[in-house]
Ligand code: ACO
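So this first bit is one chain, no partners, the form predicted alone, shown in structure tokens.
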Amino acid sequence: MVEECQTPDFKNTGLRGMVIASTRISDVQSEASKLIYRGYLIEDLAEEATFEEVAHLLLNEKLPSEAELKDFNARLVKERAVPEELLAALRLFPKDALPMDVLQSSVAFLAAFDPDIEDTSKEASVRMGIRLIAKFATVVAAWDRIRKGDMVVPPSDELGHAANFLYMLSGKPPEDQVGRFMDICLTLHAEHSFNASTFGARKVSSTQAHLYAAVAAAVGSLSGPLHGGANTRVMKMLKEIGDKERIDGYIKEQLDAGGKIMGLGHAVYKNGDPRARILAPMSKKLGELTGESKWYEMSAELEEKTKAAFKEKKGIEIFPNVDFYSATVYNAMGIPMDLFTPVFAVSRISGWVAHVVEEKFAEAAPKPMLYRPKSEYVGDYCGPEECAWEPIDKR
């Protein structure tokens, strides 16, 4: 019988800093604070492109011509509706089900209705990807209305992807500027290299599983609080603070307790998240449009004072990330806080699909490789050697 338990010396690198594959989809440059989709700066895409153009770029490696964009838009519009069987299934969920769980379940459900599910060609994967990009917005909006007891709003054939999403949520077409801001938000969240959910999708697709299986894994990964949900926590933080007069005390309380200010700092960008610089003026403008500038003004003051506090106490600079101002942007659009992460997925599905297609079919890549990382066995409670078997009556 083992007389003394031993604690193995565990370690977990989280694969940080390890290059596991090549990609042509996006580049996240830490020191330069640049985000690039297939060669294009995120600032240029946010300013000039529609989400549909960005999705085409990610899936097809180039920006579309006018004719190609018209065709791509038509394909997305055609695929927006979801099967009635899925809507019936959504009505069976408890009304307090977590939206990300509902979305993940819906991905697996939709697989059963896809005519290309057993076709292993690249062309079939792209077709499946277009269906998922189109349907994600419909699923998220439909679930929100079902859980509230409202009638599901069918997708519109006349609105762009972003505006249609807001229309399906509220039942009213958004103002042009609000729809454009949603379009920019989808562009900003569409892709971010080998983040946790994207790696999850690529890992599953490396087994040659179909696209839906890989995307379901990505949704599951995004549901975890270490990856998704930060902008929800930003909005909760702002509501907890409640008023600008309480900001100083909140910052001091958090720093004294070793806590953090949600939405400030980034694991990769050292000199500021380029997406946050785009979202901040959008938050301000939406506050003006809605007549409720409180949350933007609180965010701006919280950012300024937190920067000063970190500089004084820790001698470091800290910057807002994409979640800091996207929280107040989504809030101003009337999107419920627990839908902030599903909205992220409505955008990121385009990046996930692009990565799965690249993982399986990249022409410049070697033959597909099953992800199979190695672990280091550090022993069990018997020590580094094998355990001696003991009958149950002597354990």
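C-alpha atoms forming the largest set that superposes within 1.5 Å between two forms make up the rigid core. Just count from 1 along the sequence shown to find any residue number. All values reported here derive from a predicted model rather than from experimental measurement.
Omitted from view is the form predicted in complex with acetyl coenzyme *A, to which the following refers.
By the criterion of a heavy atom within 4.5 Å, residue 210 is excluded from the residues contacting acetyl coenzyme *A in the predicted bound form.
The closest heavy atom approach of residue 187 to acetyl coenzyme *A in the predicted bound form falls outside 4.5 Å. Interface residue remark: residue 265 is counted as part of the site for acetyl coenzyme *A in the predicted bound form, having a heavy atom within 4.5 Å.
Within this chain, residue 16 lines the site of acetyl coenzyme *A in the predicted bound form, having a heavy atom no more than 4.5 Å away. With acetyl coenzyme *A left out of view, the stretch that reaches within 4.5 Å of it through heavy atoms in the predicted bound form is, among 127-135, 313-321, 239-247, 287-295, 313-321. Taken together, the three residues 228, 260 and 270 all lie with some non-hydrogen atom within 4.5 angstroms of acetyl coenzyme *A in the predicted bound form.
Proximity to acetyl coenzyme *A in the predicted bound form, taken as a non-hydrogen atom within 4.5 angstroms, holds for one residue of 344, 330, 37, 51, which is 344.
Proximity to acetyl coenzyme *A in the predicted bound form, defined as a heavy atom within 4.5 Å, singles out one entry of 111, 255, 308, 98, which is 255. In the predicted bound form, not one residue of 37-62 has a heavy atom within 4.5 Å of acetyl coenzyme *A. Comparing the forms between the shown form and the other one, the C-alpha position of residue 213 differs by less than 2 angstroms, with the core used for superposition.
Annotation for residue 255: C-alpha shift of 2 angstroms or more between the shown form and the other one, rigid core superposed. Superposed on the core, the two forms differ at residue 306: its CA moves 2 Å or more between the shown form and the other one.
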